[in-house]
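Take a look at this single chain in structure tokens; it is the form predicted alone.
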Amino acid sequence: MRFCVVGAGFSGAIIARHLSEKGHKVLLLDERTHIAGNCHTARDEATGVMVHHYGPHIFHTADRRAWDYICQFGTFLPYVNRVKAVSKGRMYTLPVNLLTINQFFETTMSPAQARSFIAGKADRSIKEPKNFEEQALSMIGPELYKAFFYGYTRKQWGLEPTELPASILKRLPLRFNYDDNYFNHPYQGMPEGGYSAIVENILKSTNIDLRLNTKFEEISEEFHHVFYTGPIDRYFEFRLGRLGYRTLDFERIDSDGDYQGTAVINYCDQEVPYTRISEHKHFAPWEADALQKTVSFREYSRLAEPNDVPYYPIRLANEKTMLEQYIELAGNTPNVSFLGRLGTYRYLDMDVTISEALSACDRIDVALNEGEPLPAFFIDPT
């Protein structure tokens, strides 16, 4: 059987390799000139720095299967994401931990004292937070919320935090020790050769015909089934309208030596137009000291226009309603499965993308072995 996979990011690459290993012919398409989607990395010619072209990506997961899978295709070296934040002219550490609390309130509290102190700041009248702001106020109180999250969130999403779901903040830890690791997951690292090299190795399999700079709409060939990881609304030619996304603009900063001394600094104040500055050589600390030049990028978030690269699904009420209509439309469209961040219109970290693609491979095997049709979605995107 011959299949088509649209999109050469992690979702598409994993599906393509799996089908190939099962003896099927696969046409893998991507309209960009490179593989790995928004995880694309490449050496910067001017500096020698491994640049994350669509913004920083740090691999972290609690899923051993996803970790073992990706480690087959490249060496992952230890990397801990330690984020700094500027608020009202002062530098702090994130996520909010005991050092942040003591710095901000100019105290020297112990873990127990800080826990009690923050509990006194938190709004305990909010039993079930309905939005981002209520979640923040119920966790950390108004001072820390205003200092680190209110302005940054408005810049990142272009919305008042009261319009955003509480789940966005639930992903961030609050610690009463001095642990400044941004993530809690047991498996964390950075690929020594970059993410594009990982995806390239995944695609080193027979039966895969990779065509870059090629749009799915340009293909007139017939396939047993299509696995579509592009935007679901685009597949249906936006007939129900366009789903909303945020996109990013990057302003390059070239300098000698070390620009900011760390990988990521968030700028929390609304008056600062960018959300953060990332210095990419620090994402590869094993080689950073040997590099004579450095490159950093200021990030600006805005609403995506039709020709922009989509990053973050907004998923407000009108987007959810439109998504449900597209889901119904997809369910009535034979021989096409939608998966990945764009295909299911969900914010997904890399590890979740990989985990879901591997689970999809399991279900593909069962369906093909039993002669059953493949589903439109391998996971409920609502």
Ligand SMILES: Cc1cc2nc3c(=O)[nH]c(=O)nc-3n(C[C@H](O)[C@H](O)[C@H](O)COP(=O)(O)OP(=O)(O)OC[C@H]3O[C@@H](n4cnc5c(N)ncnc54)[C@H](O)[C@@H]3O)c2cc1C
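Worth saying up front: this structure is predicted, and the values here are computed from it rather than measured. Quick note: we count residues from 1 along the sequence shown, nothing fancier.
A second form of this protein, the form predicted in complex with the named molecule, is not displayed here; the remarks below concern that form.
J.: Just one of Pro161, Pro95, Gly194, Pro231 has a heavy atom within 4.5 angstroms of the named molecule in the model of the complex, so which one?
T.: Selected option: Pro231.
J.: Could you work out which of Cys39, Leu323, Ala66, Val51 is the residue within 4.5 angstroms of the named molecule in the model of the complex, going by heavy atoms?
T.: By the 4.5 Å criterion, the partner-contacting residue is Cys39.
J.: Want to guess which of 328-336, 350-358, 314-322, 43-51 is within 4.5 Å of the named molecule in the model of the complex, heavy atoms only?
T.: One stretch meets the cut-off, namely 350-358.
J.: Check whether Phe105 has any heavy atom within 4.5 Å of a heavy atom of the named molecule in the model of the complex, and answer yes or no.
T.: Looking in the model of the complex, residue contacts with the named molecule do not include Phe105, since no heavy atom lies within 4.5 Å.
J.: Residue-level contact is defined here as any heavy atom of the residue lying within 4.5 Å of the named molecule in the model of the complex; does Arg252 satisfy this criterion?
T.: No - in the model of the complex, heavy atoms of Arg252 and the named molecule never come within 4.5 Å of each other.
J.: With the cut-off set at 4.5 Å between non-hydrogen atoms, does Leu342 touch the named molecule in the model of the complex?
T.: Leu342: yes, in contact with the named molecule in the model of the complex.
J.: Look up in the model of the complex whether Thr214 has a non-hydrogen atom within 4.5 angstroms of the named molecule, and give yes or no.
T.: So Thr214 counts as contacting the named molecule.
J.: Judged by heavy atom distances of 4.5 Å or less, which residues of 26-60 approach the named molecule in the model of the complex?
T.: Stretch hits, in order: Leu29, Asp30, Glu31, Arg32, Ala36, Gly37, Asn38, Cys39, Tyr54, Pro56, His57, Ile58, His60.
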